[in-house]
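The form predicted on its own is given below as one chain in structure tokens.
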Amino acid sequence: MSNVLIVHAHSEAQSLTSSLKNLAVETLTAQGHQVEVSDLYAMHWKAVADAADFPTRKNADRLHYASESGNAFATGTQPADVVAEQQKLLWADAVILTFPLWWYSAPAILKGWVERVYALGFAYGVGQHGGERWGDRFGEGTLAGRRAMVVVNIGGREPHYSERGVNGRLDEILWPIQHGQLFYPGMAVMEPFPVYQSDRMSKERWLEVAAAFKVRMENLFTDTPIPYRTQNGGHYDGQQVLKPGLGGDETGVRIHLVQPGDPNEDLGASQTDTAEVASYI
């Protein structure tokens, strides 16, 4: 069986988001998986990335957060709450984010979790940077080999988030999270589980949603991931720009999904030694 980390971002325990989180725990546990929940509001998670994260500073005159996070990671002086979340990520075989869509993104507390936990040397700045290989990222990295999934509750109607919908396509709205925060450090990303008109849920609709969600949880480790192109698999040039002839008729972010007929990707041996990374925290 596998280990699953749920990072939960909703302040109300009786919310639909929290109900889905609870159903995920129940379903995954019944399958024999080990489940950990980081309930960010219940934890009173510090969402602000600031100087308070670095009691021991590399540069006391001017705060450069990325540099200080890298120094703290390398020297073992990270805040205890950050270390605990990094350890959970290394422990996990799958990571599930549960949150409501607020102003076209996740709640600030979840963004703050990413900003503080994804330290330089842990989630980014990993591997060789130069020429055609600009780091072990987008399909490689510290968290490679894990699966990830977004569970998002949305107040609007589904047509609002369609190709011609007024809010824009949901896959483009979730791009910074799915591609930028989950795929970037190496995780394979499953299709999201969106619930539309989540603020007006009838009992009958909840039963439908719950049944569909249980199926997604049961298939978490067998469903096919979103076919994002890997950065170092051969589809991008030395400036990490998609090579001519790739992308087909797609536009926008969808050109970064592998299309039928595209050449096979070849990552070769990963440059990331997860065991070495784990030894720092």
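Worth saying up front: this structure is predicted, and the values here are computed from it rather than measured. A residue's number is simply how far along the shown sequence it sits, counting from 1.
FYI, the form predicted in complex with another copy of the chain isn't displayed, but the following is about it.
Taking a 4.5 Å heavy atom cutoff to another copy of the chain in the predicted bound form, the contact residue among W206, Y196, W91, Y124 is Y124.
Out of the listed residues A108, A210, A144, V83, A108 is the one that sits within 4.5 Å of another copy of the chain in the predicted bound form by at least one heavy atom. At least one heavy atom of N167 is located within 4.5 Å of another copy of the chain in the predicted bound form. Though the partner is left out of this view, G252 does reach within 4.5 Å of another copy of the chain in the predicted bound form, counting heavy atoms only. Not displayed here, another copy of the chain is kept clear of L97 by more than 4.5 Å at the level of heavy atoms in the predicted bound form. In the predicted bound form, E12 approaches another copy of the chain with a heavy atom inside 4.5 Å. This chain is displayed without another copy of the chain, yet in the predicted bound form the stretch 135-143 from 188-196, 70-78, 135-143, 83-91 comes within 4.5 Å of it by heavy atoms. Highlighted residues Y41, G112 and P244: every one comes within 4.5 Å of another copy of the chain in the predicted bound form, counting any heavy atom.
Contacts between 173-196 and another copy of the chain, taken as any heavy atom within 4.5 Å in the predicted bound form, involve I173, W175, P176, H179, G180, Q181, Y184.
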